[in-house]
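Presented below, as structure tokens, is a lone chain in the form predicted on its own.
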């Protein structure tokens, strides 16, 4: 469903199952194996929701009973682009849903002198301008890295309305800032946190997603 008053923001259904999954991954005492397992479950739900928003066209097939069935077929091809490193945690969830999907990568880090995000590396499919793109990053806090990554995609010819930004947790500040730069990009998220603290971390948040997924 689209949340109000946020245009182009799609929030996963806030079921008890989803609340239970977030309770586990937010808990600072959750072990790394459990954090990975339950984060992966949420990522899979996000990918499925993203796929729900892709355009389709009617398609009729013949069944084994000799009857025809009229369903739909996806229009166009997709690819994933992860914002390294935390975004790489979402790649397998996309692969689980889409066979042989192509994956690109964008590395953005904060410049120590200016404290601003800086593009360090990009590797994208050559035909990315012809594809629908799932931009992958678990957290949308200030939105700086996501804005820069989206700038890269648009410079490569991707239309903003073909970009779907998937994240587990976001803030209103992040949404507002991101959509001020890219209002036509759809955001698919699992939960909207209450805000950012003085260190610009999401609160209540869950800490550093990349560290918890890969290191701790």
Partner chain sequence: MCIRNETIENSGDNMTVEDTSGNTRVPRYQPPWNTPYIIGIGGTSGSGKTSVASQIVTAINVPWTVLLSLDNFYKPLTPEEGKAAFENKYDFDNPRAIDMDLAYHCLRSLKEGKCFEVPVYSFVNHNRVPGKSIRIYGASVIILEGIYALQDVRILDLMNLKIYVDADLDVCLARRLSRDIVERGRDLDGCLSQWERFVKPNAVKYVRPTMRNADVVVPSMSDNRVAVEYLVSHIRSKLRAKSYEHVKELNLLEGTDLTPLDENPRVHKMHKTPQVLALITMLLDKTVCREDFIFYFDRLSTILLSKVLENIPLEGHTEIVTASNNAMANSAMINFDKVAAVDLIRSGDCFIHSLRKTLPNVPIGKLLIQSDSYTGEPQLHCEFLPRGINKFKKVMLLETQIISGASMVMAIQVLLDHGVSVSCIDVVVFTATEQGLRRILNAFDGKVNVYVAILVTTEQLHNGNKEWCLSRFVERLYFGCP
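Because the structure is predicted, anything quoted here is derived from the model rather than measured. Positions refer to the first chain, counted from 1.
The next section is about a form of this same protein that is not shown, the form predicted in complex with its partner chain.
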Among 175 to 183, 50 to 58, 159 to 167, 144 to 152, mark the stretch whose residues have heavy atoms within 4.5 Å of its partner chain in the predicted complex. 50 to 58
Give a yes or no for residue 41: in the predicted complex, does one of its heavy atoms lie within 4.5 Å of a heavy atom belonging to its partner chain? yes
Any chance residue 9 has a heavy atom within 4.5 Å of its partner chain in the predicted complex? no
Is it the case that residue 74, even though its partner is missing from this view, gets within 4.5 Å of its partner chain in the predicted complex, heavy atoms only? yes
4.5 Å heavy atom contact, residue 96 to its partner chain in the predicted complex: yes
Going by heavy atoms, what in 16 to 38 lies within 4.5 angstroms of its partner chain in the predicted complex? 16, 17, 19, 20, 21, 23, 26, 27, 28, 37, 38
